[in-house]
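There is one chain below, alone, in C-alpha cells, taken in the form predicted on its own.
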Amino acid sequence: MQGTQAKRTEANPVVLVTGASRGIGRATALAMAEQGYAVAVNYLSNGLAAQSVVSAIEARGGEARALQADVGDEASVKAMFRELDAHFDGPLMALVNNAGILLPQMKLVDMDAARVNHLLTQNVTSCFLCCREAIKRMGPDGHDMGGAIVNVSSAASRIGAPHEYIDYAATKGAVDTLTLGLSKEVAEHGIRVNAVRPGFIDTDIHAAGGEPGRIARLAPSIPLKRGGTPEEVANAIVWLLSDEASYVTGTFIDVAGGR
C-alpha cells in the first residue's frame, strides 16, 4: 500500500501522529513508517516512550522525530508545527489526531465543570488546533499538494458510555461532527478528512479510567467476543490515509468488534 501522494517529492512525505508514544498512536506511527512516511511522533510527557518509537522506526531504516507538545494548548501546537517544519524536508501530507484522555468512571450527576472542560480541551480543542495548522501546510497557502487527516474518535460517540464515560463520549461526538464539517470545508483543496471509531481496544487507557480489566469484563458482550489490538486500529488509519482511499472523505470506520 502506497502512502498518500508519496511519490510527488524525493523527500519522504511527513505524517504527524499525536499521542504517538503508546497504544494506537504508537502502532500507527510504526505502520506509517512502513509506508514510507517520515513520522513526527508527538507526546505530552513521556519522552522516553516517544524516543523508543523513534528508535524503532530508525532501526527499520525510517525517519522520525519526537515532538513534545500539549496539543490542547494553542501556543504549544504552534511551536510543535514550527519544529516539524524546521526538521523535516518533505511536505506534511498526513495528520492523525490520536491524542486524547479518559478520566475515572463517573456518572454525569457527579461531574463538575472543571472535569468536563478539561476533557473538551484535550479531546476536541486539540483536534481543531492541529487540523488548522495542518491545513495551512497542505492547502493553497502551503505546498498545495493536498493531504489526508484521520481523527481518532470512539465507538463511545455512538454508544454514549452511560454510567462510565458520558463526558468522554460527548467529546468524541464533537470529533465526529468536526470530521463531517471539515471534510466538506477542505475537499476542494484536495484534503480528505475521515475518522476511525475504535471500541474495546486493549490499551492502558482503561487503567486511566479506573478499570484495567474492562476489556475482559465486556468481551462477552462484543460480537467477536474479544477486545481489539492497537495494530488493528492502525491498519484502518493507514488505509484511510492511503491512495487506496482517494475517494473517501467524511467517512467513519468503526473498529469495535461489531458492537
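Keep in mind it's a predicted model, so treat the numbers as computed, not measured. One-based numbering along the sequence shown.
Omitted here: the form predicted in complex with a small molecule. The next part is about that form.
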### Query
Every residue in 13, 192 and 251 with a non-hydrogen atom within 4.5 Å of the small molecule in the predicted bound form?
no
### Summary
Per contact check vs the small molecule in the predicted bound form (non-hydrogen atom within 4.5 angstroms), the hit among 135-143, 176-184, 148-156, 84-92 is 148-156
### Task
Answer for residue 44 alone: is it within 4.5 Å of the small molecule in the predicted bound form, judged on heavy atom distances?
yes
### Query
Is the gap between residue 205 and the small molecule in the predicted bound form 4.5 Å or less for some heavy atom pair?
yes
### Query
Wondering, does residue 101 line up within 4.5 Å of the small molecule in the predicted bound form on heavy atoms?
yes
### Query
Hey, in the predicted bound form, does residue 241 get a heavy atom within 4.5 angstroms of the small molecule?
no
